[in-house]
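Single chain ahead, by itself, as structure tokens, in the form predicted on its own.
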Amino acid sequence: MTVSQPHRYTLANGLRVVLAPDATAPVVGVSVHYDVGFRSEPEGRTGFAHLFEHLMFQGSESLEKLAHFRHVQSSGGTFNGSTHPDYTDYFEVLPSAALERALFLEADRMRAPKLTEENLRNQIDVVKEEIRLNVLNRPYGGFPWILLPPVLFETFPNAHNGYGGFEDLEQATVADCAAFFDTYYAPANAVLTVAGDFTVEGAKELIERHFGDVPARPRPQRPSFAEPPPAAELRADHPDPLAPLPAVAIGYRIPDPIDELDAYLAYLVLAGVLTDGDGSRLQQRLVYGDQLVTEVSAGCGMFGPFEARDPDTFTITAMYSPDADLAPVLAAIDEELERLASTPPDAEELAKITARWAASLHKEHDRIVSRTLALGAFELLYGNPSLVYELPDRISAVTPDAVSAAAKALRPDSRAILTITPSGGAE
């Protein structure tokens, strides 16, 4: 991958643009990030951001239903969209000769998606089936991203189910969709990213041609979703008739990933120290040593790091035997955190983790789709797409003392514990 500083500029209608040329392969990635995710949903409209993502593929001002699919796939390309806590993204990856096609498709639906009663009812049914498949009819469905937030958080934006409840989805109207589009899908609330094999001058001309006349609308004011961390240990249990083993998710609040990035990165490294590889602290203690759990993992964010603004979450999840008790598992986790809080990891242990992180980031961003989406997300969240290329060095600079301080902050008197209890009974 050829790394060069991205070109950034803004169109007259407020659309922010990031261009990252790289001629090593004859492909381009195009993405549009909108500054709205499921934390922006109003009460009574859970799942609306994700439902609207589906609607954006159901035709637009100049294209009939399914035309987006046909135009991308006939060019040899791929496409998709996804909804996150604080943004929604759409992308295409195509041969570089098809760049203008992708830009036209994205501009056309930014200008006016087809918001009809037929499309809405159809996509409500599609989303309900997706929920059945991914949550209701799957072991550990929604664990922990749906089930843990209402234990850790109190406010609706942070605690509610981003997939949505069936009743809320069924009450959505075309008028709701139009208002959501008018508010959040304005050019000034979006970032267009193009990465891959193109020239900056050529891309600018095409972008102005297709996006320049998309009508400007005011950028919505983004509310703060901040809330204080829990003042006690909070617990909840979720019976799961499909789960073969009990499971636990422990959630802690962590520093603001935007304004306190270096402190946040220390928790990423801490997660690696705890659970990355067979030699990690909790793998050695819980899986191989005390044999209290069958698997354990840790990380930042309900969907991974760099996907949300404050507040964000550090999670530790584990599955254990039905014959085991949860108390020794929690005690062992607390003991390992206390050990790290009192004695920082040595340089060799830390170097292994940071080297893995750096290698993982380089590998991930070598893929054109991942690089395009990361550049757009970092422009949206941080106002700095170049941070994508700086992350390996920033993570490598995390010190043992910073990891120790992160471990010390994960206190048992300020966390949420969610347990999954198998409830299917014997056959």
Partner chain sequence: MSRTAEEIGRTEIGPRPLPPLGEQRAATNLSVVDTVLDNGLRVIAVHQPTVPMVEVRLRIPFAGAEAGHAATAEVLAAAILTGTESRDRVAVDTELALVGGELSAAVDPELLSLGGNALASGFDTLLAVLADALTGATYADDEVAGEKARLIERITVARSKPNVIARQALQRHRYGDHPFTRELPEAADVAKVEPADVRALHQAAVLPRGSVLVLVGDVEPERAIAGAAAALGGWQSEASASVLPALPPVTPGDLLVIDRPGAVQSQIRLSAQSISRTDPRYPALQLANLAFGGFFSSRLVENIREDKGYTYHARSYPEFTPDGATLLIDTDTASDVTAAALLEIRYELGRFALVALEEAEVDIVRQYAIGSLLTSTSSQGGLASQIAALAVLGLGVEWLVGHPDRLKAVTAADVTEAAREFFAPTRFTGVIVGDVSKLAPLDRIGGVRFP
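Residue numbers count along the first chain shown, from 1. Because the structure is predicted, anything quoted here is derived from the model rather than measured.
Just so you know, the form predicted in complex with its partner chain exists too; it's not on screen, but the next bit is about it.
With the partner omitted here, the stretch from 331 to 339, 247 to 255, 88 to 96, 145 to 153 that lies within 4.5 Å of its partner chain by heavy atoms in the predicted bound form is 88 to 96. Only one of Ala231, Ala351, Ala236, Ala226 comes within 4.5 Å of its partner chain in the predicted bound form through a heavy atom, and that residue is Ala351. Contact with its partner chain in the predicted bound form, judged by any heavy atom within 4.5 Å, is made by just one of Pro113, Gly164, Pro157, Pro345: Pro113. Not one of Glu43, Ser82 and Arg285 comes within 4.5 Å of its partner chain in the predicted bound form, counting any heavy atom. The closest heavy atom approach of Asp312 to its partner chain in the predicted bound form falls outside 4.5 Å. In the predicted bound form, its partner chain sits within 4.5 Å of a heavy atom of Ala25.
A residue is said to contact a partner when one of its heavy atoms sits within 4.5 Å of a partner heavy atom; Arg222 fails this definition for its partner chain in the predicted bound form, lying far away. For the chain shown alone, Gly301 is not a contact residue for its partner chain in the predicted bound form, no non-hydrogen atom being within 4.5 angstroms. Residues from 39 to 69 that approach its partner chain in the predicted bound form with a non-hydrogen atom closer than or equal to 4.5 Å are His54, Gln58, Glu61, Ser62, Lys65, Leu66, Phe69, in the order they occur in the chain.
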